[in-house]
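Before any questions on how it binds or moves, here is one chain, the form predicted alone, in structure tokens.
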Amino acid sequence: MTDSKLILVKNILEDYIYPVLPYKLVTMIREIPLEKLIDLTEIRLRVNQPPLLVLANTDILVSPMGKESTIHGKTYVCNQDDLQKTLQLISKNSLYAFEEELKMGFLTIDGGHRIGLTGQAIVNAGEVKALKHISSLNIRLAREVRGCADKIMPFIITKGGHVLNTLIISPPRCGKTTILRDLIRQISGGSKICKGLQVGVVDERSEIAACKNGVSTVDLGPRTDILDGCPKAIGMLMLIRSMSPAVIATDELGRVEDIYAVHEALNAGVSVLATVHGRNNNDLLYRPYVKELLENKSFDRYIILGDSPSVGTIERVIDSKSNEILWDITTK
């Protein structure tokens, strides 16, 4: 497992991350032994601050010689030029082509890796029209972990092979999208407990399928259709009308139109797999719109994820109708 994780992180860095970083930063990061980066989840660059490599349970500050450092004064300090060069590499010198993504505060590069941005917001009539003077970048590494949803599958598939409506709940950086991706792959491909089903994916932020020119670059199974870059609510309705999916999967519910589209899918007899930010199902009762899904018991299963002892830990599986805890990491 360790060897395969090393190969995975090496391939992600070499194929997707290093090509969008300035050579100077790449040289520094390459000096750090790969074994220390096996659980790398993010690379954060901030103007006037050191490069920060975020691991599962700790982080690393990088020195000018590419060494691990815990002393702030001994680290390399990023400047505006480092971030500007990174943006130029990401956009292939056509940043104007990403105006809409910049307004949303993120870009997605090949491989499905999301890059969050902050800077000076240009606001008009209460809406963010643009971001300029970018001062922070957060490069989040997306991983394809085959089999990470194995424990969940028996809880969301009925004896008749029907997929139960399932909501995956976790704070950011706890593996929601990775688990969702593996569920899609297994349901689409079929397994010992269910035959392969037609799956429609609405991938608004291009993180689930990591599409390149509309084609997935990760394995989502042979019966999966993907709407890439499409708003969730619009995409779910399009899939229902045009592709006859048995299951629709999407990421990060939150807007009122998302909730409407979920109800439309459920009323059409389509199973829904979705994710949402939160620590647990009780937290979601305080969120506008999303709480309607819980109050109406729209989903059959809640999957609660955490990051201890590692990212993607399945903490609980809950039957939403009865509130019965079907799986609890503290008792298993």
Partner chain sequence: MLLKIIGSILVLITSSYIGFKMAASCQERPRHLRQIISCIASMRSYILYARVPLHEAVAQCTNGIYGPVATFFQKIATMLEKQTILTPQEVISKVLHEMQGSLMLNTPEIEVLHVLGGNLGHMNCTEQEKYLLLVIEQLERFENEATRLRDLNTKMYRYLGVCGGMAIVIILV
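Numbering follows the first chain given and starts at 1. Here the structure is a predicted model, which means the values were calculated and not measured.
The next section is about a form of this same protein that is not shown, the form predicted in complex with the partner chain.
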query	finding
Close approach of Lys92 to the partner chain in the model of the complex, 4.5 Å, heavy atom	yes
Contact label in the model of the complex: Gln88 to the partner chain, heavy atom within 4.5 Å	yes
Residue contact check: Glu99 to the partner chain in the model of the complex, 4.5 Å heavy atom	yes
Stretch in contact in the model of the complex with the partner chain, which is absent here, among 225 to 233, 80 to 88, 109 to 117, 158 to 166 (heavy atoms within 4.5 Å)	80 to 88
